[in-house]
Every structure is written in structure tokens, then in C-alpha cells.
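Before any questions on how it binds or moves, here is one chain, the form predicted on its own, in C-alpha cells.
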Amino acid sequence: MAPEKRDLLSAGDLGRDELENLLELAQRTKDKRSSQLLVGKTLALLFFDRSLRTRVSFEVAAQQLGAHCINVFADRELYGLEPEEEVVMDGPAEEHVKDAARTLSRYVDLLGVRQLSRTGSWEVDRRETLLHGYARHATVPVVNLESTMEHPCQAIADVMTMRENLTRLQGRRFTLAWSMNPEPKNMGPCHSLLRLVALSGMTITLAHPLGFELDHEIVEHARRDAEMHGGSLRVVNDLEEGVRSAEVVYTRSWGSTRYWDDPERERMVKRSLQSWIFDERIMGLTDDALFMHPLPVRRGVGATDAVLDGRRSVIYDQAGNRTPAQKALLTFLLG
């Protein structure tokens, strides 16, 4: 009997021991550029949205493990897909996700899916119907390469970067803070990282303006996990209070579910939030904190050049750790 396949759709799919094992494996393989562990394996990465770091780091990780990687771009290479079950397909979609997933499973050993849904309905988008449709119907592992709700691959690399700099994470003071961006951004990287730092037992401060709350279910799940592992989670609505005495500051913009159906209204609200930018004064309130951002970042809007290029910035280490983190994940799912 074939073993049951394992997907990674959410950082919540990982237990604490599994996270520790992934991080240790990533660290061991970081400087090893060649392996034949996955020779003969093929990955198909489906991009419904743009990608730079995720696409390149996955392709490099596969190559270093001896696997072959195929990148497929939805805007020019995929049929329109119907993710809902039991529908009459008389609209624009030409193929059902179950047919695509089952077909691709005959060709490859793992599927990656990147789709940032923005229908205008938060309740619809948070369901991530297409991603979960691929996972439900594929007979090979499915990995979330970033979605509206989660970006587990980024979060694994982020925790790896923190461990390299701090060694021990339990009890360390970590701030996840909203920052300015004129465009509404998805919550995936922040949701996934919040889950993993909670598993690591960090003392977490979540800082954001009123109206820019993260998903309630994920925040409460992270709160329970943090307390279970010796940490805590508090929420504040003031940037200075949020970063004070932090040992790690991680910032990114994310959209408001309150204005999910009205991006123009969100842009108007943000006009009064220009002070949510990371500059030297804000970083001076921390305990000489590491500065982290998953990139891309709008320089001079979300953070200043002095902070992004400063001695405590580890943004390029985060990006660099995507490859060993992905090598560890591929080994975990396919090795």
C-alpha cells in the first residue's frame, strides 16, 4: 500500500518537532551545493501570480538535490480553472481543478501552487478554494508557494534566519509590525510566521493600526501555541509601543479585511498612517533588534534605506535561506 502523501498548505501543518527537524536539516545542507538525493524526481510549480524569490529558490533547491523543476505560468500557459464542486461549467473556466490536478499527478512528483486570490470578498478569498482543490485532488504532495492566507516556505526561512542570529528563540522578544504600502497586500507571510514563532515559544507583540487586524482564527491559534510553548502574544495599535525593547522586528504591510472589497477606501485610510515606517528613530526604541522583511519592499515608504541597509538588517539572509529551507522541505516531502 502506497504511503499517504503529505501536503504543506499552511505553517499550521507543521508540528514543533517537525519544524525543528526541518530547521536542522536546512542548516546542515546550507553549504552543500550538490546532491543526488532526489535524482529522477520532477516538480511542477504553478504560478498564478508573480514570483521572484520563491520561483528561483525552489528551482535552485531542486537542481541542487538532483531533481528537475518545471515552472508553469497561468497567464499564458494554463486554462481558466473552476475550483468549485458540482457546477455547470458554462462560464469562462475551461477546465476543472480536479482534472488538472489528477492529470499533473501522472507527470510529476510534487506540485507547487502560488495564487493570491482577490475577489473582493474576504470570506471567499480566505477559503483558498483553488489551492485546496489541488491538494484534495492531486495524488502527489502539494506545496503552498504563497496564498492569500499563508506563505509557509517564507516563514521556515525566516525562523531559520532568526535561529542563526539568536541561537535560542524561546522567550525572545519578537515584534511583527504593519508598515506602509500604498497597495493592499496579502497576509500570507505574516500569518505563517506568526504560527511558527508561536511554536518556537517567543514573546510576541503584534502591532498594527486599528482596522488592519490579521485573521482572528490564526491570531488566536498562535496565542494558544505561544502560551503552550512558554511564550505569549499581545496586540497593540501603536508602533512605538510595539517595537520597544524588541530583539527582533519583522515588518510587512498587509491589507484590511474591513476594506477588502474597496481598495480605494483602504488607500484613503492609509493617508493618515504615513508614520508607520521603520526609520532609525523607531529602530532606536528596540533592544538593538534584528530587522527583517520578506521583500519586496518599497524603500522610503515601508522602511528607510538606513534601516534596510543597516548593520542589523538581515533581509538578504532571509532571502538566501529560502534555498536551504526549500531543500529541507523537498527532502521531507519526497526523500
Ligand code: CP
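One-based numbering along the sequence shown. Only a predicted model underlies this, so the values are computations on that prediction, with no experimental measurement involved.
In what follows, reference is made to the form predicted in complex with phosphoric acid mono(formamide)ester, a form of this protein that is not presented.
Residues within 4.5 angstroms of phosphoric acid mono(formamide)ester in the model of the complex, judged by any non-hydrogen atom, belong to 52-60 and to none of the other stretches in 52-60, 282-290, 30-38, 268-276. Contact check for His191: no non-hydrogen atom falls within 4.5 Å of phosphoric acid mono(formamide)ester in the model of the complex.
Interface residue remark: Gln154 is counted as part of the site for phosphoric acid mono(formamide)ester in the model of the complex, having a heavy atom within 4.5 Å. Taking non-hydrogen atoms only, Ile70 never approaches phosphoric acid mono(formamide)ester to within 4.5 angstroms in the model of the complex. In the model of the complex, none of the heavy atoms of Gly302 sits within 4.5 Å of a heavy atom of phosphoric acid mono(formamide)ester. Contact with phosphoric acid mono(formamide)ester in the model of the complex, defined as a heavy atom within 4.5 Å, is made by all three of Arg114, Glu146 and Leu295. The partner is not shown here, but in the model of the complex the stretch 310-335 reaches within 4.5 angstroms of phosphoric acid mono(formamide)ester through a heavy atom at Arg322 alone.
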